[in-house]
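Okay, so here's just one chain, in structure tokens, the form predicted on its own.
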Amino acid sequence: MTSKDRITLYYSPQSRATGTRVLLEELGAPYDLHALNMKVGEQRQPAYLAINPLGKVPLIRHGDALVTEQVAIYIYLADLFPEAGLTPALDDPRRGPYLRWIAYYGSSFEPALIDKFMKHEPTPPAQSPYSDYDSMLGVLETQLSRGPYLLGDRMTAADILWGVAFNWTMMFGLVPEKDVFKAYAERITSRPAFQRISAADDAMAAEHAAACG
């Protein structure tokens, strides 16, 4: 991969972008950070809104391609670096389940968490994108009880996404600290890549906070 093909990650520490940076480390991908201080609203400035009108991170640039949406970014990056072994090939029977669990994060898990956090009145299961909160979470508990990772013994990019997500959602009480979730999150957060990025995030977050003063 040439220097012009390096990944640029638009980033803010201790945000959803953290998992994307962990994934880049796990993939061994060459990347640069474009840090945004969200504490002073840099993600809402015209320069960034011109490339991501929603003003959210993560966002990646790869050559002429701009990719937003966390789920799309994970799929894109894991496919870009297949030699890392974090994505099943197109003809692998595990490809379908892999895509299922990545999509489940954006289509069911996050909407359910937001409704729970905001204390929204539950939508009837027939109209809800995730049925109901307990059912949505129960499906994950059942799957994770079958093996150390979502696809059994093989770790994929989906596990980076979910392991980081479980770590922060349990921290804030949005997901119950069940043994299966705690053990799963620990498998990801104990890895060197997560430990490196967590330490770097702490330092960057302190710098961003100091800039507000």
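Keep in mind that what you see is a predicted model, and the values were worked out from it rather than measured. Counting begins at 1, following the sequence as shown.
There is another form of this protein, the form predicted together with a small molecule, and it is not shown here; the text below is about that form.
Using 4.5 Å between non-hydrogen atoms, is Leu27 touching the small molecule in the predicted complex?
Flag for Leu27 set to no.
Within a 4.5 Å heavy atom cut-off, is Ser15 in contact with the small molecule in the predicted complex?
Ser15: contacts the small molecule in the predicted complex.
Report yes if any heavy atom of Glu69 sits within 4.5 Å of a heavy atom of the small molecule in the predicted complex; otherwise report no.
Yes, Glu69 sits close enough to the small molecule in the predicted complex that at least one of its heavy atoms falls within 4.5 Å.
With the partner left out here, check for me: in the predicted complex, does some heavy atom of His62 sit within 4.5 Å of the small molecule?
It does not: once the small molecule is placed as it appears in the predicted complex, His62 has no heavy atom within 4.5 Å of it.
Heavy atoms within 4.5 Å of the small molecule in the predicted complex: which stretch among 27-35, 176-184, 41-49, 148-156?
In the other structure, the partner sits against 41-49.
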